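One chain is shown next in structure tokens, namely the form predicted alone.
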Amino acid sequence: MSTRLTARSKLARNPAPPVIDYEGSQYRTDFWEGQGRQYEDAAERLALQELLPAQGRRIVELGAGYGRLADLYLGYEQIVLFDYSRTLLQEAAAQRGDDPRFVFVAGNLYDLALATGAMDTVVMVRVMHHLADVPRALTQIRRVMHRESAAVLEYANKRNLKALARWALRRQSWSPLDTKPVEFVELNYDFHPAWMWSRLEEANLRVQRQLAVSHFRAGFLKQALPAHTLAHLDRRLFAVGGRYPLAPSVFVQATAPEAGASVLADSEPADITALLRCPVCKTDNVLVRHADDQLACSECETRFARRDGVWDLKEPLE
């Protein structure tokens, strides 16, 4: 999941690489609803609407949490909401579980439990800044894409105006112009655009568009103007700001032209065994469905269950 809210979060048990775990948290109400972030939500939605293909067969949001952005994906035949937190996904399932297009999967991004070449569109918002191993995560994202896929990925920009001002006034020790990532709080990172661009290239992801988002993320501005007004003003700066991002958030649209063809082009969206991958043996096309709420790996014999509408591929059955 994604947020700078660390007081109510905890490190997951997996130490290598470490993962932020929002299991059992009240992320929805602690960070979004009633917390004065209507402008950020509106601006991010506008950015996604500009970059996302409007429709397709399969889309996944990585770090989807309680499904804040799920309504943007309704043009797709199958919508996968993926997160490390089962409880947040259960919130999403309680809202969207009656829609057969939705699939809720709990798992680790670093061992992404989705089939190679399965996704037409990948979305990841407010997650990158929690990643201790960005190259490993990008490798997994690239793996689940095919040559006609698009990925829309957001990251926290180290070289933003506030950081530049604080550095000039000697209120922070690290330079926003240094290309190395900065970990300002445990498992909370800001990334320089040049550094992130290099990591995307190394993962064989080709950037098609880049937008700078949330230029007006300041308390006095959010109090002075309605959220939708600020967001639409911000939209006018998305593209020009993306040429040399100074906003705190950057969205990139990337493709994987060197990937193979879609492996699920002829599969029915309802085929969960074709969509998912065993995260234990890391093998595609080995999951077999047992009854409605269990999967078993024919390769390593690991079993997984669906609980409260969420396929749990993070913790296998014993």
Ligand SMILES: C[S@@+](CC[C@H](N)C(=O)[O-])C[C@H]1O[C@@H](n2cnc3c(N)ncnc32)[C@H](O)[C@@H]1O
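Quick caveat: nothing in here was measured; it's all calculated off a predicted structure. Numbering starts at 1 and runs along the sequence shown.
The next section is about a form of this same protein that is not shown, the form predicted in complex with the ligand.
None of 176 to 184, 104 to 112, 206 to 214, 159 to 167 except one has non-hydrogen atoms within 4.5 angstroms of the ligand in the model of the complex; the exception is 104 to 112.
For the residues 96, 142, 192, 126, the 4.5 Å heavy atom test against the ligand in the model of the complex is passed only by 126. Note on contacts: among 64, 278, 275, 256, the single residue with a heavy atom within 4.5 Å of the ligand in the model of the complex is 64. The three marked residues, 32, 88 and 130, each reach the ligand in the model of the complex, with a heavy atom inside 4.5 Å. Contact check for residue 304: no non-hydrogen atom falls within 4.5 Å of the ligand in the model of the complex.
Using a 4.5 angstroms limit between non-hydrogen atoms, residue 295 is distant from the ligand in the model of the complex. Taking non-hydrogen atoms only, residue 234 never approaches the ligand to within 4.5 angstroms in the model of the complex. Within 4.5 Å of some heavy atom of the ligand in the model of the complex lies at least one heavy atom of residue 27. Although the ligand is not shown here, in the model of the complex the stretch 18 to 42 places heavy atoms of 19, 20, 22, 27, 32 within 4.5 Å of it, in sequence order.
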